[in-house]
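Just one chain is shown here, as structure tokens, and it is the form predicted alone.
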């Protein structure tokens, strides 16, 4: 083993990497706990990749075979139901941990100069993760997925200038059909994974270049936590707990496949999107049909685009406003955003 490790090190220079990681440290302070959610998001993403590849071995992306292939995975493939449940639950946990990581970054002002690009890449990753959820929802080709995607792809139509183009790109026609399934499948298994891998690489590289941010007004303990092996062990503990939660949810609450869709049938009542889209869903439901003579969908879509663009500009707006004066305002705005999301999701589930 010693000779093999020397042979491997001579070719990969692993000792140099280990020495670099040993010199790197993570700040130690009362908010250090929130750092683990970035690693947890990466863990659930890796679970998504592994389980997605396994499901891809049996999945067939055509309207005639999609539902049957998923049913075959669940009933005939050994542990197929378990792999599918792992894939579905890890998707939900990935979205949750990315959101927690993003908001913790926001409240600790970890986007401050020179980390603006880390914030931009992280926010882009959140949008890509939501894209994973949206594009993967139709793939089982069951009744709920079909009509929910039909409604979901209709929403962007009212976005000025690009709305109609977005709908045509997603659907490939006027309605959800075989072309839509192929396009969303290609986005889900090829385009978005490649984009996400590039963004994750950029995000991790920027983290190595700039180091871990320390919240304003916090004095870290000296010395910090050595990244290797101390913080790696801490991340492994978090990953183990994340795996235990994932196994618990997948075994006790396995994902169920609905009946194959009949596109000519009427949409069933009470169709709702996944929880991470419920804020938008409930907003559209609560807003009056017309606002000053403009469709409510158009108003909400413009508002969503404005919020996203503003979110990308947060590091620069904060810097322009002055850190000391803007901290309290930005904290209040973040708390309002979280409160609104919680209320909207709760209302969507209760009504």
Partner chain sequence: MNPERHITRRNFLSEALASWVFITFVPLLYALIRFIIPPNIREKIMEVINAGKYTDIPFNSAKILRFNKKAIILVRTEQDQVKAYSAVCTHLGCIVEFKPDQRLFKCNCHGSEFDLTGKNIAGPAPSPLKPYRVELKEDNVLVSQA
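Positions refer to the first chain, counted from 1. In this text, all values refer to a predicted model and were calculated from it rather than measured experimentally.
What comes next is about the form predicted in complex with its partner chain, which does not appear here.
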- Among 198 to 206, 277 to 285, 241 to 249, 109 to 117, which stretch sits within 4.5 Å of its partner chain in the predicted complex, heavy atoms only? 277 to 285
- Message: Taking any heavy atom pair closer than or equal to 4.5 Å as contact, tell me whether residue 75 reaches its partner chain in the predicted complex.
- Response: no
- Message: Is residue 221 part of the interface with its partner chain in the predicted complex - any heavy atom within 4.5 Å?
- Response: no
- Query: Might residue 228 be said to contact its partner chain in the predicted complex, defining contact as any heavy atom within 4.5 Å?
  - Reply: no
- Can you check whether residue 150 is within 4.5 Å of its partner chain in the predicted complex, heavy atom basis? yes
- Note on the structure: With the partner omitted here, the residue among 267, 162, 232, 190 that in the predicted complex has a heavy atom within 4.5 Å of its partner chain is 267
- Among 255, 271, 102, 128, just one has a heavy atom within 4.5 Å of its partner chain in the predicted complex, namely 271
- Heavy atom of each of 154, 169 and 175 within 4.5 Å of its partner chain in the predicted complex: yes
